[in-house]
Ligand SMILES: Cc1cc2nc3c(=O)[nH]c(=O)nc-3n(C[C@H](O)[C@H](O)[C@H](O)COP(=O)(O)OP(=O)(O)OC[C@H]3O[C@@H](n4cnc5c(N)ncnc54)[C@H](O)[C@@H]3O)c2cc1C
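In structure tokens, the next block holds one chain alone, the form predicted on its own.
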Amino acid sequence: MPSESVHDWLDAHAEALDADSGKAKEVLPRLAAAGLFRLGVPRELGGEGGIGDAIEAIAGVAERSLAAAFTFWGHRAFIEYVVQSPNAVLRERWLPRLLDGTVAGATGLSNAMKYLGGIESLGVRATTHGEGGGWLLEGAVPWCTNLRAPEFVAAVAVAREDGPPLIVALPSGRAGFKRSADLDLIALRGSNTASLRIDSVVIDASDLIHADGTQFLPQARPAFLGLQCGLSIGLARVALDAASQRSGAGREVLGAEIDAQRQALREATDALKAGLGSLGLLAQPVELFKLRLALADIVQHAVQLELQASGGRAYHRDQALSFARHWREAAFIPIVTPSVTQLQGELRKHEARLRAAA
């Protein structure tokens, strides 16, 4: 879990991290100084604990600031790609600096996860370049988080005509690789979220996270989604705690529903950590999708309960309540890739296949 100093800092700056980018540059160094990026990384690579510890750490940050937790998730997901990559040169180049927070890791694979589900085509394409087996890249990534100055490295999926998609790590200093201004979001504005433009960017084998995206993406998806679930877990916990604290003054009727949602949250969280720890969810992606959907649903119930328990005070800007931010944060949970709609579509496809097989 985050250290007390990180807790205090996030509590003090949560509203600012949601509203603007003024404090964005401080998030990564503070999380790194607390050792949070090492959780779930193999010990032989400088880490400690398991994937469940990493999920709990992200959830602990999300209880205080979803903008900071979103940054945490993007960085930690990129670390996972590097850890799972067969490219030792890439790992030696980036992992130490990712763990200590001196370079920001950005997971630009939202498009790739949609591609994996047959929802959309890849937005970056490669052609062979030169005699040494390199590639020339063209395209764009419309949404990518943790693009923190002065240096970041982003994971991008790249289509090619002569083979399966490549998963590459693009450093911010590479010629032709450009970051836009921060996207004009309604919340989470301190997350260094922007788009990327890729114009004639040259890469070689040392930049590859994996040479076969069709193999790597299903392998990386459990950690990608599991770590992302930490956002929902933390936000649901804090909203339910707030609902419980404010459920007096004739609102005791909410107690049973608060308890029910807490129980559902515990069960989903335990199932997630157990399934990731045993690798069971690697072989059963549909069960992982169901857990992500269940947690997203719990978040919506939790924030509604916080609103009902707070009553009219939740609508006052002069009240020291965090409900308005929780409401905006909760609006993000259904749309972060893979979105609730996309996952529901995947489940329908799965059910159709089962019916056809029967």
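Source: prediction; values computed, not measured. Residue indices: 1-based, along the sequence shown.
The form predicted in complex with the named molecule is left out here; the points below concern that form.
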Practice task
From the candidate stretches 208-216, 96-104, 124-132, 109-117, select the single one in contact with the named molecule in the predicted bound form, where contact means a heavy atom within 4.5 Å.
Solution key: 109-117
Handout entry: Triplet F70, C144 and L185 all within 4.5 Å of the named molecule in the predicted bound form via a heavy atom
Key = yes
Problem - Partner proximity in the predicted bound form: V336 to the named molecule, non-hydrogen atom cutoff 4.5 Å - result: yes
Practice task
Using the partner position in the predicted bound form, report whether T193 sits within 4.5 Å of the named molecule, counting heavy atoms only.
Solution key: yes
Problem - Any non-hydrogen atom of F332 within 4.5 angstroms of the named molecule in the predicted bound form - result: yes
Handout entry: Heavy atom of S21 within 4.5 Å of the named molecule in the predicted bound form
Key = no
